[in-house]
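One chain follows as C-alpha cells, the form predicted alone.
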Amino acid sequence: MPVSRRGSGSIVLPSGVTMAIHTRTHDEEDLPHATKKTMADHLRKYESLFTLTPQRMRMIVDAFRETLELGLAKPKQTVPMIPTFVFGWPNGQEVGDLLAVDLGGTNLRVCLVTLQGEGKFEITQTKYRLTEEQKQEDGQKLFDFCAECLKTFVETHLADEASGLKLQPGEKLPLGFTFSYPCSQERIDHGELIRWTKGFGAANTEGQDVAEMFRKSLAKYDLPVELTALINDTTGTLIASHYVNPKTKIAVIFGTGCNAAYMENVGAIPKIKNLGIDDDASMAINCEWGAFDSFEHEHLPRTKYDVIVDESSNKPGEQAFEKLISGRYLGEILRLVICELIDEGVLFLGQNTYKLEVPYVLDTAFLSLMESDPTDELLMIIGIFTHFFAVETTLAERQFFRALAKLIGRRAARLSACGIAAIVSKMDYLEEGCLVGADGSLYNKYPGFADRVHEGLVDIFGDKGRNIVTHHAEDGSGVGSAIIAAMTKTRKAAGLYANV
C-alpha cells in the first residue's frame, strides 16, 4: 500500500512483515488521539462557521424573495419559476378513475387512482425496474417501454372483475405523466426536455416534446388513455397535499435534490402576460429553487468546504442552494472537515486513513446515525468508523463528530426554512398561517430535521413563525398527477383556457 498523502501508510519489510508507518513526529508518544480539550477548541471554530444567526437568515429570505420575483418577471432566470398550467386548487369533489405514470430515477411507477371526493382516494400501483441500458438507449425506445408497462397494467386491472373498472367503447382514461426533469412548458399537455438529470442520458430526447413522444408510444400499443397533463413531482405533491388537507399552500421536497411549488396569482407572473390569461386566475409554480444564488454566490454562507464540494461537482457554480441542504452533499461536507483535521495532525495520528480520502464515501445516512446514537459511549459511531473506515476513535473524537454532524444538519434545516419563509412572505401567509407539505429522504428520515425547520421559521418571523407548520406530504407523483389530470379534463371540457 503506498504511503497516503495524510502521512499514514504501511510498508512490507523484506521479511514479509507489514509495518504501519506515520511520517509525523510527536513528542507525546502516548497521545495517538486528540484529547477532549483540543476537540472542544476545534468545535468552537466550526460552530462559528456553520451557525446561521436569525439576522443572517432574514437577509437570505429577502434575497430569496427578490430572486423568486425575478423568475416570475422574466424567462430564463437562474431560478426559473416555471408556470405549470395547473390552474387553481382541487375542490375536493374530483371523482373517478385516472391513471398516472411516474418516470423516476430508478423505477417506472404505474398507478390507477380512484378519486372518491372529499379528500379520499384509493390507489393500485405497480413498479417496473429501469435498467441502466434503458436510461441511455434511444428516447423513443424508453417511452415504448413506458407504454408497454402501462399496457400490461391496464390489461391486468381492466380485466379484473373485482376492480369494477369498465370502459365504454371509445372511452379513454385521463393520464397524468409525472416527468421530473427540467422541461419548458407552454401548455399542460406538452413539455420540451431541457436536459436529462438523475443519471439519464437517452438519446434524441433533449430539446424534444416528451409528451408527444410518449403519445406516439401510447398509439403504437393502442391504449385507451389520453395523456392529459405532464407534471413535475413537486407540483403533484402540492396538489395532492391540498386535496387531502386544504390548509396546505406550499409543497417542498428535501431529499437528494430540493424543490418547492406553490400557487401564484397570474397577475404576478409578468412573463406569461402574452397568453391572455385572466390576472385573477391562480396557477401553480414549480420554483426549481435549488439554483438559488448560483454563479454569483452573493447571499448564501458558503464555507471553504462548500466551495470544494461545488468546484469538484459535475456542475460547478450551479445548484448553489441545493449543495448546502440536499442529502447528496451533507456527508461530503463532514468528510472534508475530517480530512482537514487529519491533515493538521489532529485526528487519527498513526492510523491509516486512506479509506476516508474517497469523495462521497461518507453517506448522509451516517450523519443521521451519528445524531441518533443513544449510547453514552457512542457505540454506533465506533461501528461506523471501524467497520467502514478501519480507524479507531476516542470518546472525545466521537462526541466531536456527533456535534459536527449536528451543526451541518442544523444549517441545512435552517436554510430550508429560509426558502419556505421567502414564499410565505411573498404570498402573505404569515398572519393566517398555512401548512407546508414536505417530502424527501432528508425530511422523512433525518432526525430532528422538521423540528429545526420550525425553529428556523420562529427565528425568522418571531412567534408568528409557529403559524407555518410542515407535515408529511401526500404522494405527488402518483395521486397528485392523477388529480391534475382530472382537474385538466374538467377545465378543458368547460372551455377554460383550452389552448394551454
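The structure presented is a predicted model; accordingly, all values stated were derived computationally and were not measured. Rigid core: the largest C-alpha set superposing within 1.5 Å between the two forms. In this text, residue numbers run from 1 along the sequence as written.
As for the form predicted in complex with beta-D-glucopyranose, it is not shown, yet the points below apply to it.
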Q) Does residue 421 make contact with beta-D-glucopyranose in the predicted bound form, using a 4.5 Å heavy atom cut-off? A) no
Any non-hydrogen atom of residue 259 within 4.5 angstroms of beta-D-glucopyranose in the predicted bound form: yes
Partner contact for residue 197 in the predicted bound form: beta-D-glucopyranose, 4.5 angstroms, heavy atom
yes
Looking in the predicted bound form, any heavy atom of residue 366 within 4.5 Å of beta-D-glucopyranose? no
Assert contact residue (beta-D-glucopyranose, in the predicted bound form, non-hydrogen atom within 4.5 Å, options 330, 142, 253, 110) equals 253
Of 351, 185, 180, 294, the only residue with a heavy atom within 4.5 Å of beta-D-glucopyranose in the predicted bound form is 180
Counting only non-hydrogen atoms, the one stretch of 370 to 378, 226 to 234, 275 to 283, 333 to 341 within 4.5 angstroms of beta-D-glucopyranose in the predicted bound form is 226 to 234
Of the residues spanning 273 to 298, the ones with some heavy atom within 4.5 Å of beta-D-glucopyranose in the predicted bound form are 288
If I superpose the two forms on their rigid core, does the C-alpha of residue 272 end up displaced by 2 Å or more between this form and the one not shown?
no
Legend entry - Displaced residue check between this form and the one not shown: residue 194, CA, 2 Å or over, core reference: yes
Note to self: Aligned on the rigid core, do the two forms place the Cα of residue 244 2 Å or more apart, comparing between this form and the one not shown?
What the structure shows: no
